[in-house]
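Before any questions on how it binds or moves, here is one chain, the form predicted alone, in structure tokens.
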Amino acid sequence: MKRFLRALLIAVFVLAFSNLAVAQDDLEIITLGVAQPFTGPLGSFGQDFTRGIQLAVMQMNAQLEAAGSKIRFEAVSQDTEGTPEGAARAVRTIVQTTNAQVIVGPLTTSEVLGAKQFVDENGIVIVAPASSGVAGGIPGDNIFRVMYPPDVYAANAFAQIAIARGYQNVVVLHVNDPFGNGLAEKFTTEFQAAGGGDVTVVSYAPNPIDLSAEATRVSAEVARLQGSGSTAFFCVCFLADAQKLLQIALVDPTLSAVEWMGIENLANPQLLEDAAIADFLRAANFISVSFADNSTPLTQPFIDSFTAEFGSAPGPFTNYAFDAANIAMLTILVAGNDGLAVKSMLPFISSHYIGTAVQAYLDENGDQAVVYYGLFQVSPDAPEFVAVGSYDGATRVVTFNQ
């Protein structure tokens, strides 16, 4: 009898294990491509974005398992190195080595445009979490910029701020890439259409080792334009580049006396860790247009889950990578792992997706059309950025707090 029971238990165990193995073998694994810069000046952003995407995949797989679905997602990543060429290579490698039809990323507009020809020609879909350059707003292509709105809105907001502050002239320093070129050009158009005067533009090559020459030219242009009226400086610079510039500006009598404006990534607490920089920006009446601290029911759960999983809070805009990955996976679940079908269905899925900060809703270019910015300055009492106003993309109106 004991032998019989032992044999029966062994048989049950073997059968159960066999069924489990069959069930595991029966899973449909769908590759979600991840193309982000892991190295270079934007490496910290890319690494954090990738963790946000990984969290989305983990949570989706847990839900699919609980629902009894045989579908699972697997994230396969490649380093774009922060360049157009690197992005094209990363996307091509993912597609050619897997069956990925959808790529989350790349990060910047120059990277997205670097991969554009390949994805358009091969029916692959890019879901870009943070690309905003004006040059990326192209109808009918395979690129969807689902959470981060295009820079036409930021340019309009900065132009309104400049007019409200009484600036007659502005000197712009911008990175020489599709993002920087587009924002500088659009700002110039908006500012002058609103009654502004001269705009002098100085560009710098991406990933600069030093900005001494550019700082000298900006300083000279500010001094020249101040002779014809109130002049401000507008920094369209990535964080690491702005840090290099600020070290020079600290000892430049012209740059330390002019008022400053700066793009969204400069409203970053990391800048204020240097007390001298915090004091400088406070004295320069520095103002940035960045995303308001909007929240949805998904905001805090995302922050809590990310922190629990990775041991630190998510960095700036990482939630957009999380949202982009969810939109990509939800679309694949509905349309199948087929690039053309995903392209057709994704705008519908996006318009029904409530994200961690704002609802996604795409315009005719496949870009986020819901826009609500905050205006931020350095607090007079502490080294921190505080909201001093807002910008509503629906009305295109800047409002300053009383």
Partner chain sequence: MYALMALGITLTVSVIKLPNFAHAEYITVGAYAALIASQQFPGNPLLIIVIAGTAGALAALIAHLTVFRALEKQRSSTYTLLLASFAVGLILRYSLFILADSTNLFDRRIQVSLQVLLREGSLIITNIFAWVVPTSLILVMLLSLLLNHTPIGRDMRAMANNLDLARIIGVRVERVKNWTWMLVGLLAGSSGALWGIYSSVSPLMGWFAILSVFAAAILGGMSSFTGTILGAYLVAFSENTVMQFLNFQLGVDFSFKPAVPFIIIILILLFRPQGLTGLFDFLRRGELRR
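In this text the structure is predicted, and so the values were computed from the model without any measurement. Each form is matched to the other, and the largest set of C-alpha atoms that superpose within 1.5 Å is called the rigid core. Positions refer to the first chain, counted from 1.
Same protein, other form: the form predicted together with its partner chain, not shown, and the subject of what follows.
When contacts are defined as a non-hydrogen atom within 4.5 Å, all of 39, 47 and 207 contact its partner chain in the predicted bound form. Of the candidate stretches 70 to 78, 298 to 306, 240 to 248, 129 to 137, only 240 to 248 contains residues with a heavy atom within 4.5 Å of its partner chain in the predicted bound form.
Site annotation in the predicted bound form: the residue of 274, 185, 264, 198 reaching within 4.5 Å of its partner chain with a heavy atom is 274. Shown without its partner, this chain lists 117, 97, 294, 212 as candidates; in the predicted bound form, only 212 has a non-hydrogen atom within 4.5 angstroms of its partner chain. Proximity of residue 217 to its partner chain in the predicted bound form: non-hydrogen atoms within 4.5 Å are present. None of the heavy atoms of residue 163 is located within 4.5 Å of its partner chain in the predicted bound form. Heavy atoms of residue 203 reach within 4.5 Å of its partner chain in the predicted bound form, making it an interface residue. At the 4.5 Å threshold, heavy atoms of residue 270 reach its partner chain in the predicted bound form. Remark: with the core as the superposition reference, the CA shift of residue 212 between this form and the one not shown reaches 2 Å or more.
For residue 270, the Cα coordinates differ by 2 angstroms or more between this form and the one not shown after the core has been superposed. Residue displacement note: residue 257 has its CA displaced by at least 2 Å between this form and the one not shown (rigid core superposed).
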